[in-house]
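Two forms, one chain: they're shown below as structure tokens, one block per form, named structure 1 and structure 2.
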Structure 1
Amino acid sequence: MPEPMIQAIKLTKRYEDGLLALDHVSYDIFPGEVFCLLGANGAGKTTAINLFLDFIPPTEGEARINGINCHQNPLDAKRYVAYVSENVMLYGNFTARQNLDFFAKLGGKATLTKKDYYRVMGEVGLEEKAFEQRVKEFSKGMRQKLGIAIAMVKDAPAILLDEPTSGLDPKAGAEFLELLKRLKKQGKAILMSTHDIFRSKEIADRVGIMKEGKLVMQRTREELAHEDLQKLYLDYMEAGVTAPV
């Protein structure tokens, strides 16, 4: 049995205002596996990702990357993780390449050349004329692609994606799916929060549904093969935090 790369163990977060945003959530994501988290806005998906990055401390439980406790050894843990935020924001005065260069160096990749950067930006579907363009002129979709390029350059074994396709046009969305498949083949463990039920069904090895801080359902790709995920999702949304009848 291989070790899980991304691991939530009874992960719980209660915010200062008393809101229980995450309630004893557990899941394992293994290398080469894509785990899609579905759930309404405010279900707690981003909170979980923030716990993996130690942006906020957990109230209870543990977030682990590559077996390392993300709160106790954040610097160690973050060496193994790449992250694309919900709304990728970059240094507006820098060009796409300058942004990529900065984040690559920050991730310890000091030897990459301009050619490497251009190749990665091409791979994520950025147009060539955008490579040396200032990022403040970018659309949301273009920033999202560059954010994905930054995550790819870091070449980390774990990838956290927070609604990565939310700003992408349909073509870019499809390209992103192809990219995800390639990363999966490279053996990356991928946690992706999304609202995109159809793409989840296509790419995910496992799907989880979150509701009010609880992980109310987990299904494998095989289990989902004969089910209508959209109907399942809506049923869970209708029902309480327990399983639908």
Structure 2
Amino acid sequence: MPEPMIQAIKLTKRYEDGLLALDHVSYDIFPGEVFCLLGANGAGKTTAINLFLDFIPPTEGEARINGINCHQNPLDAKRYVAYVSENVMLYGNFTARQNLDFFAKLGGKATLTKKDYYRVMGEVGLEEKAFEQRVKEFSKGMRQKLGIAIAMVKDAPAILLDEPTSGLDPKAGAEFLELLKRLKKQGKAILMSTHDIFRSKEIADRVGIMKEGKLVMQRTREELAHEDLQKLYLDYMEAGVTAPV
């Protein structure tokens, strides 16, 4: 049995104002696996991702990437993870290739060539005419693809995606799913927070539902095969907060 690449171990975050944003949440994500976290705004999905990135410290528990405690050894942990947010932060006056080159060198990949960048941008579905186009002219779907290209160039074994399909049109959303399938085949462990129930059921090996900081459900693809995930989600949203089922 392989070791988990991404681990939440009784992960808890209580803010100074007393808000319990994350309440003893645990899950493991293995290489070649996609885990989708569903939940309303404020359910704790983004808080968990922020803990893996050491943007905030945990109150209790551990976030681990490749067995490394993300809070105790953040620089070591970050070597193994790539992050794509809902609104990918890029340099608008740089071209797509220049952005890719900048972030690749920032991540320690100093020997990549223009040919390498063109290949990766082609793999994520960017049109060739966009390679040398300024990013401020990009649509949201194009920006998301470039964000994934940056993650691919880093070649990290763990990928964190925070609402990556938000605002994408159906075509861009479908292309994004195909990208995730390719990354999964490459053995990447992928944690994706999302509101997108339908794409979650299509891409996820496991789905978790977050409510008020608790992980109230975890189910595998096989367990969800004959379930109406939307109805299941709505049932959990209407019910009280209980232990994971």
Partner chain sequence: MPSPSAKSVSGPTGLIGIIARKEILDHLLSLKFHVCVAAMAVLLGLSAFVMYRDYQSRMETYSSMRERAKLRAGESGLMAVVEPRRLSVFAKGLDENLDRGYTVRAYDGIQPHEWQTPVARIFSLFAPPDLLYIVKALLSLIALLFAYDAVSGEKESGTLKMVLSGSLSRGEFAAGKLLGGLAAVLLPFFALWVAMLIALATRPLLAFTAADFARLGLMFLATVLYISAFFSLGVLVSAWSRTSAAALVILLFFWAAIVFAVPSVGNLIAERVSPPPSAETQELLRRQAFVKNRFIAIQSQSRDRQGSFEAFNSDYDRLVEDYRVRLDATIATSKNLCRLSPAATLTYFFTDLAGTGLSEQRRLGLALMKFKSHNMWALTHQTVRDAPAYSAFEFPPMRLPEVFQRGALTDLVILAVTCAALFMGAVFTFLKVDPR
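For clarity, a rigid core is taken as the largest C-alpha set superposing within 1.5 Å between two forms. Residues are numbered by position in structure 1's sequence, first residue being 1. This one's a predicted model, so the numbers in the text were calculated from it and none came from an experiment.
- The form predicted alone is structure 2, not structure 1.
- Comparing the forms between structure 1 and structure 2, the C-alpha position of Met142 differs by 2 angstroms or more, with the core used for superposition.
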